[in-house]
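Below you will find one chain, with nothing else, as C-alpha cells; this is the form predicted alone, and questions on how it binds or moves follow later.
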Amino acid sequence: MSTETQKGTLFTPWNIVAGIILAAGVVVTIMRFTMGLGAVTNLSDNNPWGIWIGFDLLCGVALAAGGYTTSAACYIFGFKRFHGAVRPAILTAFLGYALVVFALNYDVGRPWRLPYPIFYQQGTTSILFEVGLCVFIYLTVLFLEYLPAALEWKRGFDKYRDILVKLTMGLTILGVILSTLHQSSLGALYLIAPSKLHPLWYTPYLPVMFFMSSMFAGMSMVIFEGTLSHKHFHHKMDDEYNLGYEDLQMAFSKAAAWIMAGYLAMKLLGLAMDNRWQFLGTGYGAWWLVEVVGFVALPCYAYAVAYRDRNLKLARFTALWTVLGIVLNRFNVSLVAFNWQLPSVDRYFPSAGEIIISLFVVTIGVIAFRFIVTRMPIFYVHPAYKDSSH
C-alpha cells in the first residue's frame, strides 16, 4: 500500500483504474449469473472453452507454480538462503489457485455442482477428475502453508502456528507431488483432441511440456513479482529478504535457462518424431516459430547471459518476457491452434464480457496481495519469532 493511501488518499491512479474494473466486473457477473453464459460470452458448441479456461485457468495455474518451485528449493534441496522468498511465493501461488477456482465458477454451467466430482460422482478414469482433485488438495496445502503468516498477524494462536511450521516439509513434498500431477495433466487434456489441435502443437509430449514450462514459469513469476514488490513494498522487507533477493533472482535465472533449454529440446524432438516439418512453411508454422524462437530460445539465452554477467536488469526483463511467453503458449494450445480447420467465421474470439471478467479476477488478486503484504509478515519475520528456525 502506498504512503498516500495509508494517509487516506483513495483517488490514486491505481485505485481509480481498479475501481472501474471492479464495477464493470460486478455488472458482468450479475449478467452472467442471471442471464446465462450466452449473454456475456462468445462460447459455442464448437468452442466451449474460451479465455476463462485458456487464461484464467491454464495461465493461472502455470504462473502460480512459483509456490512449489521456491519451497522445494528452500526446504527439499536445502537452499536456506532463499527462505525469505518462500512466503511471498506461497502467497502468490495461494491467491493464484484460489482465483483459478473462483474464475471457474463463471465458466461452468452450474457452478454449485463443482464439488460433485470430488465428493459424490468420482469419475476416476477422467483426466479432468484428476486435475480437479489435485487442484482441490493443493489449494488446501497452499492455504496451510500460508496460514502461519496469518496466525502471526493475529497473535494468540502460537500453538496452531507451531504445529503448521512442523508440517512444512511434509506440505512441501505433497505440494511438489500434486503440482507434478496436475500441471502435466492439464497438457494431457489436449491429447484427446488430435483432430482439433494443430499438428505443430499436438504432440504426445504435451504433458511433459506443460510440467516443464510450469517450472520456469513459476521461477519467472517469482522474479517478476519480487521486482514489483521491491518497488512498491520495499518498506515492508527485512534484511533476510533483501540479502537473499538478488541471489535468488540469479539462481532462478540459471535454473530457468537450463529448464528452458530442455523444454526447447522437447519441442524440437516432438516436431522431429512426428515428422511435422512440412507445416513450418505455413502461416501456423510461422506463428509456431514466433513462439518457440521468440519466447523460448531467446529468453533462454537471455537468462543465461543474465546469470553469467550478474545482470539483474536483464534477468528481470527476461522474467516478464518469459511470463508473456507462457501466456502465448497456453493461448496457442487452447485457442489459436485449437479448431484450426474451422472456417474463420466459426472461430472463437472472446467477448468484451469475457475480457472484463478476466481483468476483474486479476484485479481482485492484486488487491488481495496488497492487502495481505501490508498487514501480515510476508516480507519480514515477525519480531516475536526472530529466533524461530522457520
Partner chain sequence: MKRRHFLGLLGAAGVTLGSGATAKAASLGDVKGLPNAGGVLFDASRCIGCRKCEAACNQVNDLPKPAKAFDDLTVLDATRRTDAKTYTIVNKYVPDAGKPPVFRKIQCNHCMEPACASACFVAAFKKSETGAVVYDPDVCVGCRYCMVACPFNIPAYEYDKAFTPRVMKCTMCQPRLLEGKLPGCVEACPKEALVFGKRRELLNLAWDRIGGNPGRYVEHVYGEREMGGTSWLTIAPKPSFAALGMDENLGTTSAPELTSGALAAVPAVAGIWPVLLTGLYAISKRKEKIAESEKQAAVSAAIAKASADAEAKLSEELAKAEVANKRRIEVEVKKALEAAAKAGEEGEDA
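Only a predicted model underlies this, so the values are computations on that prediction, with no experimental measurement involved. Numbering follows the first chain given and starts at 1.
In what follows, reference is made to the form predicted together with its partner chain, a form of this protein that is not presented.
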The single option of Phe279, Trp287, Tyr116, Phe157 touching its partner chain in the model of the complex, heavy atom within 4.5 Å: Tyr116
I need to confirm a contact call. Of Met250, Val176, Ala304, Val292, which residue comes within 4.5 Å of its partner chain in the model of the complex, counting heavy atoms only? Val176
Its partner chain contact in the model of the complex: Pro199, any heavy atom under 4.5 Å: no
Is it the case that Asn46, even though its partner is missing from this view, gets within 4.5 Å of its partner chain in the model of the complex, heavy atoms only? yes
Interface membership of Tyr146, its partner chain in the model of the complex, 4.5 Å heavy atom rule: no
Does Tyr97 make contact with its partner chain in the model of the complex, using a 4.5 Å heavy atom cut-off? no
Which one of these stretches, 100 to 108, 293 to 301, 82 to 90, 239 to 247, sits within 4.5 Å of its partner chain in the model of the complex when only heavy atoms are counted? 100 to 108
Looking in the model of the complex, is its partner chain within 4.5 angstroms of a heavy atom from every one of Met35, Ile127 and Asp274? yes
